[in-house]
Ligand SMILES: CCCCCCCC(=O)SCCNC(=O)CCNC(=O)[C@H](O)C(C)(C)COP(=O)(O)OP(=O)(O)OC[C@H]1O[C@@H](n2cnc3c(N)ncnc32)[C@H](O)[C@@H]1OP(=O)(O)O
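First, one chain by itself in structure tokens, the form predicted alone.
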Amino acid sequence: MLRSCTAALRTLQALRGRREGVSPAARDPVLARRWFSTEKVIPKDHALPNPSWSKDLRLLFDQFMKKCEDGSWERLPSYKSKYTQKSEDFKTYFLDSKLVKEQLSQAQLFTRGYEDGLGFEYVIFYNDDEKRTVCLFQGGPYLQGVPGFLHGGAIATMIDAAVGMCAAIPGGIVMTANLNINFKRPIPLCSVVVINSQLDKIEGRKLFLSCNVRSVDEKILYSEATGLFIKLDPEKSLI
């Protein structure tokens, strides 16, 4: 466990060392393309493997990608800024246009704010027939709580993100109304866990979901949770 964290940090430090003394454009190919090209920049999908992913995470990713081949499962892309129709609709219906222009230009998704390997490494798969998601999550060294273990707030964040995605696909624009988590066992830092989320029922604008967090071999139950999400009404202000 600790060895994997140490190895990840050494790799990242080495990469940083190589980038010292060069211009921002040289360090960031995406930025360079923005400066010197008129072509549209394609945002990076962070729900794809990168060098920080452990063997367990890569193996699970490959297994679920195999399940996607017959159309029963779908891998959901993930970006630092939400490039989705739902996010654009949210801005249109619930945010002041001045706020969008002035304050949200630098905004990014909370779980994608760390460099690769340091924070939240995850990918979510969705099964439409079963109305459930499976999130494969690896918590990096910057998410530590007590020494050697993941901070409870970090796993709560990932449960909210995973359950929220499970609610948003059938429900549209939703927000968390209630999230109740029972922590059973601490999660070792830099380990991989599987977050299973299920849509249980819909009552009007209310979506009820359940979730559990397990080890890769499913033998250890780390957490259980239930959530209530509300489908937002475009006619009502959030402020």
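Start at 1 with the first residue shown and count on from there. This is a predicted model, so every value here is computed, not measured.
In what follows, reference is made to the form predicted together with the ligand, a form of this protein that is not presented.
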With a 4.5 Å heavy atom cut-off, would you call Asp160 a contact of the ligand in the predicted bound form?
-> yes
Arg205, heavy atom within 4.5 angstroms of the ligand in the predicted bound form | yes
Considering only heavy atoms, tell me if Val216 and the ligand come within 4.5 Å of each other in the predicted bound form.
-> no
Touches the ligand in the predicted bound form: Met175 (any heavy atom, 4.5 Å) = yes
Joint contact, Pro51, Arg58 and Cys135 to the ligand in the predicted bound form, by non-hydrogen atom at 4.5 Å = no
Location of the ligand contact in the predicted bound form, chosen stretch of 139-147, 113-121, 126-134, 161-169 [non-hydrogen atom, 4.5 Å] | 161-169
In sequence order, the residues of 61-80 that place a heavy atom within 4.5 Å of the ligand in the predicted bound form are none
